[in-house]
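In structure tokens, one chain follows: the form predicted alone.
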Amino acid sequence: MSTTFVSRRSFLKVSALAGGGFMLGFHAIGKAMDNTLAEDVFVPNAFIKIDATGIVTLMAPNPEVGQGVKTALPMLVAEELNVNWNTVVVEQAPLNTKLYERQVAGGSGSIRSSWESFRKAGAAARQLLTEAAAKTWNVNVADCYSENSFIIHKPSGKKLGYGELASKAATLTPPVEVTLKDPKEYTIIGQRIRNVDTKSIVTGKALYGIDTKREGMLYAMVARPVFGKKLKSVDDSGARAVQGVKNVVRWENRIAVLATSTWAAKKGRDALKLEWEDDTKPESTRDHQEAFKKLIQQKHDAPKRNDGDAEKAITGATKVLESTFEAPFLPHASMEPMNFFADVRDGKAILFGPTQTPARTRTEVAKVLKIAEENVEVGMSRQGGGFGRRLQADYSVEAAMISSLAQAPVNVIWTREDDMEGGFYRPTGMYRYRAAINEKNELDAWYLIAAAGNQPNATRENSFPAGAVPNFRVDSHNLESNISIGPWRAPNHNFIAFTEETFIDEIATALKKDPVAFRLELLDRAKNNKFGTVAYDIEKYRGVIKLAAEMGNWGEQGKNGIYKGFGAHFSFGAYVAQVADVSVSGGKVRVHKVYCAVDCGRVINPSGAENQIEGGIIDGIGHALFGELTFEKGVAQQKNFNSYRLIRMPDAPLEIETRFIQSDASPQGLGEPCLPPVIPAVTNAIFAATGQRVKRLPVSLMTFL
């Protein structure tokens, strides 16, 4: 592949070499750079810009939702570039799927998907700067090396800064192949690097989507139907009479009030006289529960996994254990409510705001406006939480529609009640487990029948202990519902880890075996027998289980009123095991400490990684203890944080101790994998303390004696 560098009037378009993932095929993309670059600015690819003063600007293409990728991804480039991190400026890149392979914050995939390509981008620039220095000195390029934003001629000790080489490097042809550094030479990867936005956040300078202001912009609030209803009639005269209200627009089942402030928009919306009628039957939580109870008694014609004959083994078992678990709806409850800016005019749309999937936003907006995607520009703000909610495009599409109808730039703002009552939720469901114990006092069969709303597969059928049990079956039923569901942090894993790990503990108790020893025994069975496909790494699983047990002084139950629970799970490429120290006094559950062992491959930024782990653990504990959203005739009963309780400071563990298993393997997911296992770690500790099994969340529904 032939490649060229840009002049000051063009920019680079990234493509991948077949099989290599090396992003260095370029074309101009019009005004993206235009006249903003001087002739001596070096732009070797879409990730790097170096000016004559030596300032290195690195682009962060993925949405920043608090998971730290705006810091971690540029670290990959900076490592191979051998740059002085203190000279680096990081900028959020706009959406450009022609330049960047993946601009998504979801599935804990940002680092996993970019590990190789981002390093190659840095290595390519390093090689070009080295070549530029060699040509400047008229020396052999093999005698030159890079260090701390300088190219150094080893025999003579002469050196030139990257800024001094920018102009010449910009004239050179990029390499087709690059040499990556030996990990032993890393000076940035693996180091504790402060989040690039920390200073602006703590000083209040960081701007989020909700802070967006543009000339001529109006604020908009929308009246939406509850689930199962549609708009029959509207009288907007009262809204238009509110001071500050400038317009009212309607489309489909929504009415938007536009005003000069959010307060005026809200007052105007409150003044609307709306009549709703049934569209479909409004649903209630108790309706779902009754339907689930019937479904989990039914065998499915198409099991998700079926090793051996679980039904036969259960029929002939010496002992059968059975447990049913219930999962409530959960809102995403991100601190920054939904919002988006849109300016639609002359067949084009400019959008800006918090989104985990900017490409989806562009596609959906183009579709609803009936314009070409290239006419939709999407910019990404820093986000005050997402947890999967901002994978959806409903709120950005609303902004585009309102702007198009009103012919004005708008910032759509949702209230907390809007999102609690009309969002996308972690699906509700019910899980029925049965286990067969044979005459040898061994686990001989495992049979799960799951049912969930709008969830064709509510399971993770290849999760542990799949492969460790000779007769293993998983069925999943879907209940059609008009209540919208969507991915919620660690989709499916966030509840299936609780049910699996609780049931494993229950089986261990019935077998009179230590829960940790029993898990290790199951892993031995998976290794030696492999009853069906084993979709997890047995040794990595074993490693985190043993490390967490060691960290948490497993076996010391009841000392000073502290009881221990265990949980382990594999998701998004990472293996996590946790021990929770819990006390139960006066009916109150207190989580004192969590010990967390993680095998996620190479850790890019330890401080950022620990942040994600601690945040996931606290989030998991909070929703396990308190999280529940219920519906009555299509209306959410918990509308704000006065009725939907989030975790508070006194509820959080006093300490979280984390250890990473050292690894040279490629980095894996981290934003989600630490949440699922903490829930069973806590609930299993509650059982150790009280003898009561937690089988329905949240824990606050239970009464402890």
Partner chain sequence: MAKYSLFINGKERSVDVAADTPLLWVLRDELNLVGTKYGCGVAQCGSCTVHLNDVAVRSCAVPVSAVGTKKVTTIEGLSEAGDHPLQLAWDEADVPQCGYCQAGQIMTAAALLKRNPKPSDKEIETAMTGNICRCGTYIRIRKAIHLAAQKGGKS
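What you see is a predicted model, and the numbers here were worked out from it, not measured in a lab. Residue numbers count along the first chain shown, from 1.
Below, we turn to the form predicted in complex with its partner chain, even though it does not appear here.
Taking non-hydrogen atoms only, residue 646 approaches its partner chain to within 4.5 angstroms in the model of the complex. Taking the partner from elsewhere, residue 541 is found to have every heavy atom lying beyond 4.5 Å of its partner chain in the model of the complex.
Interface residue remark: residue 573 is not counted as part of the site for its partner chain in the model of the complex, having no heavy atom within 4.5 Å. Its partner chain is not drawn, but in the model of the complex it has no heavy atom within 4.5 Å of residue 665. Note on the partner interface in the model of the complex: the residue among 455, 463, 612, 361 having a heavy atom within 4.5 angstroms of its partner chain is 612. The single contact residue among 332, 119, 473, 493, judged by any heavy atom lying within 4.5 Å of its partner chain in the model of the complex, is 332. Heavy atoms within 4.5 Å of its partner chain in the model of the complex map, among the stretches 137-145, 349-357, 376-384, 520-528, onto 376-384 alone. The three marked residues, 446, 561 and 577, fail to reach its partner chain in the model of the complex, with no heavy atom of any inside 4.5 Å.
In the model of the complex, its partner chain lies within 4.5 angstroms of at least one heavy atom of each of the following residues of 261-275: 261, 262, 263, 267, in sequence order.
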